[in-house]
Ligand SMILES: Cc1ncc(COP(=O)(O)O)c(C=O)c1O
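The chain below stands alone, shown as structure tokens; this is the form predicted alone.
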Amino acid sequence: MRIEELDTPAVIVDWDVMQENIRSLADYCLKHGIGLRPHTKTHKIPAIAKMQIQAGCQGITVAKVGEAEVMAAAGLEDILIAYPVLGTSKLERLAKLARDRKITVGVDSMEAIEGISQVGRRADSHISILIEFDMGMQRCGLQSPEALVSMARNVEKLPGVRFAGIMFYPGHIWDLPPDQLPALLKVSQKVREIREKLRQHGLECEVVSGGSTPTAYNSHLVQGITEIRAGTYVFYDMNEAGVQACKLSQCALKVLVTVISNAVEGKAMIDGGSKTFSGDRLISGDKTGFGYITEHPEIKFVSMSEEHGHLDLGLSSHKPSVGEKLSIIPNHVCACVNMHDQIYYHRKGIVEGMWTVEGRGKVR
């Protein structure tokens, strides 16, 4: 079957492009002596996580306990939950995971650490703790090296947990890769300061976990970093293309849609809206539109209803016919994938198989 024969909307992945994306970042990390712990929230598919491990990744990252459970059930054994775990139910599930595999949790509060300590003790294991530091994203993370040192010292006093190091997310850095040096040097300086203060208090900082897809290939500029958690690189998307973190040809995932109407002058409707692509806006490049139409880039994907994608034909000499298939690179691939139960993979347009998005909707 060719991809054009799939019922739409359908998420399709070019196998060869995806494999090259996986191999390329793994090779970069190997060259620079940096561990790669990809964030699987992008694909939520254990089979792809295993491909990343086979390419040389040391372990994986997830966002939620539910995602960790999916990956653990498939045999993944070294898992970082880069998100605070709070609440009785989640902590009980964390304890089960920690009994027979390596689990690390990222936190920035003693409330979270104390809960993890209790379940770690009950599970007769030591759950590794990474303390998050805010490098500028202003989302989570401690605000001073002194606060981090104080928290690390408290971790060392508790049973069932061990202080393993620090984590950060440089998600505020959206400069083009050639222009990232000043921002990354600030991150590097702060990492150096934190590690030195930890050392002064007799604390080893085994892990420095950071990174993002836009900064991935400049990770070596951050002195002392031991691993990066890039996720989107496996597929890439328009946000990454807009910041020149990838070429359009490296975008492995597209959404195949069908033109369902061209009755309104200057417009066409497709069978994918916000329930297909997510409502995430473009935050890089010209910051307009909801995806890139690969067959006709001059046609603009300007807005969405729940089930309708609105195309503006004003700059195009081509008027799509009803029933015509189009393939669109989404703005934010992670949110798009979470909208779908299955993803089809192909080589040179021939469908070779399908993955179930097993981690879809695992928000707890």
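Everything numeric here is computed off the predicted structure, so don't read it as measured data. In this text, residue numbers run from 1 along the sequence as written.
The form predicted in complex with the named molecule exists for this protein as well; it is not shown, and the discussion that follows is about that form.
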What is the one choice in 252, 82, 269, 191 with a heavy atom within 4.5 Å of the named molecule in the predicted bound form?
82
What is the one choice in 214, 106, 291, 120 with a heavy atom within 4.5 Å of the named molecule in the predicted bound form?
214
Report whether the minimum heavy atom distance between residue 39 and the named molecule in the predicted bound form is within 4.5 Å.
yes
4.5 Å heavy atom contact, residue 273 to the named molecule in the predicted bound form
no
Test of understanding: in the predicted bound form, would residue 242 fall inside 4.5 Å of the named molecule by heavy atoms?
no
Is residue 169 close enough to touch the named molecule in the predicted bound form, meaning at least one heavy atom pair within 4.5 Å?
yes
When the named molecule is placed as it is in the predicted bound form, which of 145-153, 206-214, 256-264, 98-106 ends up with heavy atoms within 4.5 Å of it?
206-214
Taking the named molecule as it sits in the predicted bound form, which residues of 122-161 have a non-hydrogen atom within 4.5 Å of it? Please list them.
139
